[in-house]
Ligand code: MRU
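Single chain ahead, written as structure tokens, the form predicted on its own.
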């Protein structure tokens, strides 16, 4: 798969795939504006926790260039405002992790405003490269859980398009497929924005990986019929308690998997893990009501129908067989086990 987002050295611009156009068109957004990056994150031209983390980092580097500041204090002030602009989605932890890391880097630089700009560009590029390495590492770690001939159930999109290149779930599938060449995938469509149907199916078909599309409501039947060997899902935030916040429908899938004794694995880089927030304090993003009322810009219900549209849900740790990170695997996660990995 192509890269989701990249820094263009020759022009100091950012180029990202416009995921709202996929799979029917492959178009790019090219910009030198941090505000345009913020818009891309908000309207989901780029989405997926690791990908928007990389986008936010590059947005901060663009902001440093835009500031034209001559002093360190002035550039820091501009970057703090840019971070507020870029932090457009409240649930994904990688977003604020990235803007905070870029701010911290700017404050650490002992030099001129130009030195800060140059080092922030390099830091943003490094965050993107780290993501590629971490996805490969997660795929390698998962080989202890994924066997030859496995069929994997996914939700939403946690493939290349949700990261910089390889994917979290995508990394698990691709690395296993490289080793065994016989991995199959069942992908739920993932209402309301259909990321499973539009993006996951597109990705795996492009890579000649056997993928079958199902509706969200078919999961119970697929599990009862023994069509999948395990579930592998991504995460927008993982708490120190082992609670996982991911695309709406993940919790339902986890409960159904538990009932049918199907292993339920969560895969995410360490940058997705939030060691501070308590489960009751997580802000779950609620999105536009017309995402539910409409399909392809056409109303499929009464235009004034009441709608509840949370973008994410929370899966409790007792439903999770293992959390796979670039730092290692936490089986049957608990707060004690998460803290042990964090300290290590």
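Positions refer to the first chain, counted from 1. These numbers come from a predicted model, not from an experiment.
Not pictured, yet referred to below: the form predicted together with the named molecule.
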Look at the stretches 45-53, 30-38, 296-304, 58-66 and give the one with heavy atoms within 4.5 Å of the named molecule in the predicted complex. 45-53
With the cut-off set at 4.5 Å between non-hydrogen atoms, does residue 238 touch the named molecule in the predicted complex? no
Looking in the predicted complex, any heavy atom of residue 174 within 4.5 Å of the named molecule? no
Can you tell me if residue 243 lies within 4.5 angstroms of the named molecule in the predicted complex, counting non-hydrogen atoms only? no
Residue 125, heavy atom within 4.5 angstroms of the named molecule in the predicted complex: no
Ok, 98, 156, 116, 142: which has a heavy atom sitting within 4.5 Å of the named molecule in the predicted complex? 156
Can you pick the one in 191, 105, 89, 184 that has a heavy atom within 4.5 Å of the named molecule in the predicted complex? 89
So which residues in 99-124, when you check the named molecule in the predicted complex, have a heavy atom no farther than 4.5 Å from it? none
